[in-house]
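Given next, in structure tokens, is a single chain: the form predicted alone.
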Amino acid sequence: MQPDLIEHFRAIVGAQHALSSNDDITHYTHENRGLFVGQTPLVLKPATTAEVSAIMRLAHETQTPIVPQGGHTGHVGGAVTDESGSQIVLSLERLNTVRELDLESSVMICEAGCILESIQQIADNNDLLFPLALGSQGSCQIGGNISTNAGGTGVLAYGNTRQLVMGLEVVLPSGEIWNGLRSLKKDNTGYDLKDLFIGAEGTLGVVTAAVLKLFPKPKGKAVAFCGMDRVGDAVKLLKRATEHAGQSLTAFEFMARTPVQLTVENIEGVRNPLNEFHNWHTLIEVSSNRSERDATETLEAILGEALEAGLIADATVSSSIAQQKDFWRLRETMPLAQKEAGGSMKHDISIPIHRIADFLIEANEIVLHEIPDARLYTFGHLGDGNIHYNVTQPKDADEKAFLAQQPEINDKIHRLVVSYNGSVAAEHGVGQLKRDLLTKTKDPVELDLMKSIKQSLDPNNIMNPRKVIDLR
């Protein structure tokens, strides 16, 4: 990239907010799991939507590729530049102002760089709830959450990020600003444009602000940890819990024996809430707008029916907020525990809930046929069908030899997912990691529609190029 062009970009944000390749920019060029490493001549940190607009106008005029970046917590390389050194990183970290908090309407307007946990805290301080909850919430930014349509543990009751966004402000690849910051519950004046940008991973424009939907803060919660013999019993328990609690059922997680056992072994301070490990475990959360007692009684009624029906072998209900946090810590530290156990193959997939048990039987047979001693590290959000179907290397195996089998295993698992009418990218997005997989598994008509939208909004292909779909 020509030095004079770099200086033009640098002048938009000021020299102190423009990092060059001579500075320490590793954070901005390395994907957090180390799967993707890029190069960039410049990292720009605008502080206003106007500055973002100016950057995109110049990029449009000079056909300079721009890669938007939020908290940099993604898993699929969606916010990492390529190795050409021709792409500029556009960091939204300085756009971090809460523009408005409307308590009467229960909405918040905040900029893309606001940290998710800060948004949660502001809502909590005002006796409200922003229900998006992720393991990376202390560092991920709402703009990235929106661009990936983040899921997390609250999807069952509150939906994905898409359901939590009422309006957006977006800078288009041309530099034009679309002001869609409306907080209307009803607006049928044509296409719902915001949904184009939610989940688009920065390939259609730069999200700079959003109208977020807030909810009443629950007056009480109850959390249970259960053990059972069959994953099919967990699916049946979910149905009973949903029928009994309705929208009060705010989480329903499931975990196989291996991830529970390895997390207890590898993470300090984590213990098994039950007397023994079971083939399958569930973590169930019920919230109440009335009282903690109401939540507890509802959960105990669900468990009582499940015990009578023989769906669960053992269960314990939290007796304090501290114990609730302990239950959740066991679930949330499973990815870290898996890392401690060696090499792993990861599949972020979703399957129709009523078919999950059959899918897991087939998937396990596929993996164990190829790698008989593999440790099946399955866990996820059963309430919305999102499975982290992960495979950990056999104990004391050679990690490199194990991972050499990953392409074949991935192909077979993803083919199986498609045969079950599932999704090969449930909540982590597509990015670079699954771009080619999308081409193989998406309906051709869908792909053509996506490409048409991309070409219409970004004819120069400068907006996060070669992420999600490839126009080359």
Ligand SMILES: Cc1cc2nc3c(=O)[nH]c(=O)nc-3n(C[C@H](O)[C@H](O)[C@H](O)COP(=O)(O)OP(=O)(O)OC[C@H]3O[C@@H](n4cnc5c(N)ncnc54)[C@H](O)[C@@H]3O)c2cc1C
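In this text, all values refer to a predicted model and were calculated from it rather than measured experimentally. Residues carry their position along the shown sequence, with the first being 1.
Another form exists, predicted in complex with the named molecule; not displayed. Remarks below refer to it.
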Just one of 438 to 446, 64 to 72, 409 to 417, 39 to 47 has heavy atoms within 4.5 Å of the named molecule in the predicted complex; which? 64 to 72
In the predicted complex, the residue from 224, 241, 206, 211 that sits within 4.5 Å of the named molecule by heavy atoms: 206
Interface residue in the predicted complex among 284, 260, 108, 150, criterion: non-hydrogen atom within 4.5 angstroms of the named molecule: 150
Is residue 92 part of the interface with the named molecule in the predicted complex - any heavy atom within 4.5 Å? yes
Any non-hydrogen atom of residue 383 within 4.5 angstroms of the named molecule in the predicted complex: no
Is residue 427 one of the residues lying within 4.5 Å of the named molecule in the predicted complex, judged by heavy atom distances? yes
Though only this chain appears here, would residue 140 touch the named molecule in the predicted complex if you measure heavy atom gaps against 4.5 Å? yes
Within 4.5 Å of the named molecule in the predicted complex: all of 134, 144 and 464, by heavy atom? yes
Taking the named molecule as it sits in the predicted complex, which residues of 77 to 110 have a non-hydrogen atom within 4.5 Å of it? Please list them. 78, 79, 92
